[in-house]
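Only one chain is included here, represented as structure tokens and corresponding to the form predicted alone.
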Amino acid sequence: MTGYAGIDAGGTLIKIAYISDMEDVDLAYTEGESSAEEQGLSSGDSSVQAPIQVPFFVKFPTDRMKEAVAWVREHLPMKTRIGFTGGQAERLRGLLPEYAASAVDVPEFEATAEGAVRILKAEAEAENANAALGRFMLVNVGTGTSLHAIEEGERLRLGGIGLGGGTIVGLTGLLCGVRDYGEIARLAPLGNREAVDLTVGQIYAPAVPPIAGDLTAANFARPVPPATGVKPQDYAAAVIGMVAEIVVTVGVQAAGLQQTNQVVYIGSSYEDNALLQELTLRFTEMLGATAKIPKQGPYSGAIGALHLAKR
């Protein structure tokens, strides 16, 4: 049976979405996760999320590309039509020459927008909600961040900024030696940003500040560290807070210029990062916009590449 796959090979992660050759499979997901073994896949350190039926998802760190290649060869039939997208797509495709006849190059930004629209519609249908999306700002927070204005067939890339998950890993690594993203995400909620950042409350103390005292006046600008010193979790919290504030500020301002207050945040940076999700939702609401972080957002590029390859 011929299948369809989308492979989003980015600077940090390789994400794969796959469906078998069925009439017209929409996206439908369970709430939990299943192991690779439960789906008959080789696990390694890869992570697989289980849908009700196909598609299924798997990811690998980009620096373990050979493992991704081995997985593709083991699990995707030779006739699988694969849409390749992302900055490392050409390199990955070159390692899989036997799939060349059925491979398709998909522009990264087209894949991201297509996947995001499909995910949002699938989530709305699963909740028995109106699947009409209207105009919204799509903020893709991966290694860096890109912004897209989306309205049905109109998908305009507006630009991007060089902050994202790569910044979180890079800065936290420089500041305290922690470079594993999962460990950073685990530590950050335990940290205290005020040990590192200069806050509005610190500036106005002992007076009552005119705005929320825990808002950042200047990142990494606390003049004197606390008596207890600065812990790794404090640096992790401060870095994630800075990225969240800047990403949200840029995203909401771009949304306003596009006459919408709906902002959708996707990208691998949000996966299993509770503090980044929390701050993104909070800051967006504070700026008068509405935020949504879809559960399958990290796989937007792979899902989009899959469906564009089907065409």
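Note that the structure is a prediction, hence the values are computed from the model and not measured. We number the residues from 1 along the sequence you see.
The next section is about a form of this same protein that is not shown, the form predicted together with a small molecule.
- Interface residue among A111, V141, A188, L138 relative to the small molecule in the model of the complex, by the heavy atom within 4.5 Å criterion: V141.
- Contact annotation: of the candidates Y181, Y99, Y235, F84, the single residue with a non-hydrogen atom within 4.5 angstroms of the small molecule in the model of the complex is Y181.
- The closest heavy atom approach of T12 to the small molecule in the model of the complex falls within 4.5 Å.
- Although the partner is absent here, G213 sits far enough away that none of its heavy atoms falls within 4.5 Å of the small molecule in the model of the complex.
- In the model of the complex, the small molecule sits within 4.5 Å of a heavy atom belonging to G166.
- When the small molecule is considered in the model of the complex, S268 lines it closely, a heavy atom lying within 4.5 Å.
- The candidate stretches are 90-98, 141-149, 213-221, 193-201, and the one lying within 4.5 Å of the small molecule in the model of the complex by heavy atoms is 141-149.
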